[in-house]
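Okay, so here's just one chain, in structure tokens, the form predicted alone.
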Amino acid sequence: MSDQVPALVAEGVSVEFGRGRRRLRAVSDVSLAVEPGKTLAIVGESGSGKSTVARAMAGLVPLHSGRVSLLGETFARPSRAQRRNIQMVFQDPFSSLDPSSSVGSSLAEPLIVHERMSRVDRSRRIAELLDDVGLPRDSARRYPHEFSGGQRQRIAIARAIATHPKVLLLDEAVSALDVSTQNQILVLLNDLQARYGLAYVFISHNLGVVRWIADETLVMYMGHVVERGPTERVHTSPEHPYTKALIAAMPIADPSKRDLRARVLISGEAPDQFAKPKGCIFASRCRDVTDACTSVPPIPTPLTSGGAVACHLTAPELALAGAPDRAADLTLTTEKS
């Protein structure tokens, strides 16, 4: 295990929306950690809560319970000083950039708010940022509509790293781009991480991209973490039935290999978001469901191959014993590369 202090830690984070009895728990007791220079991916289908986790850590939605630590400092909501060290890059760069502001003005805004730079220093820093993301310096005078989607995402990344943050939350940052442009942005992110030691939380539904960029992967289903571990292990030896279904749904480029992979189909209906089941959150859709699955919540079980899985099929003795009340350690740690 690494002895490095994690750049970002979330402990028991839960997020709820609504009022009174009609409350939706979008995220339930999620814990994670990511070290400097490493990438943690959070995957799952739409509505799994992965983006809500990122927004909660950035302070964009309030925590119902739990806490977040940034560089060892714990907070329920980041202070102005902490915000400079945790920045987000969103899916659609066109909507996240002000169309009425020039690129230079957009890049200058965080420098004014957080750095209080002079005009001369801002101009110098803006030029450096454009160099960092591979755009010509005269881009500062142009407007977002004059750029392609990939170029706009480069601008969004430049704005995110303007204040020298330690953590970037990348919320589907390449999903709106074509494949060749995706590759260019991923190479850029990899280069910036190596150069500045950035920690990434990479939100995505594209498991192929995740396998390329992430050191660790956390799998979410309906607000719950069902599996986590080293990315290669999660892809080659998934343990949770939901993870297996996600991996099986990945497209295979080689037609001769498509029939060699076992099909894993998900049937049934997802539980009511406002009245989640007493047992496993995936029980209503799992083809291997047992009586314990519908009555006893599974607890994360460490795997010898790395990570942990919350599934009674992996640890049936815990289900038979009534799943003793003990703290679920979902904290992600990253091994030294």
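In this text, residue numbers run from 1 along the sequence as written. Computed from a prediction, not measured in an experiment: that's the story for all the values here.
One more form of this protein exists, namely the form predicted together with a small molecule; it is left out here, but the text below deals with it.
Participant: Within 4.5 angstroms, counting heavy atoms, which one of the listed stretches 285 to 293, 306 to 314, 22 to 30, 62 to 70 is next to the small molecule in the predicted complex?
Facilitator: Stretch with heavy atoms near the partner: 22 to 30.
Participant: Would you please decide whether residue 77 lies within 4.5 angstroms of the small molecule in the predicted complex, comparing each non-hydrogen atom pair?
Facilitator: Heavy-atom contact with the small molecule at 4.5 Å: absent for residue 77.
Participant: Taking 4.5 angstroms as the cut-off for heavy atoms, does residue 48 touch the small molecule in the predicted complex?
Facilitator: Residue 48: contacts the small molecule in the predicted complex.
Participant: Under a 4.5 Å heavy atom criterion, is residue 52 part of the interface with the small molecule in the predicted complex?
Facilitator: Contact with the small molecule, yes.
Participant: Just checking whether residue 205 would be counted as a contact of the small molecule in the predicted complex - the rule being heavy atoms within 4.5 angstroms.
Facilitator: Contact with the small molecule, yes.
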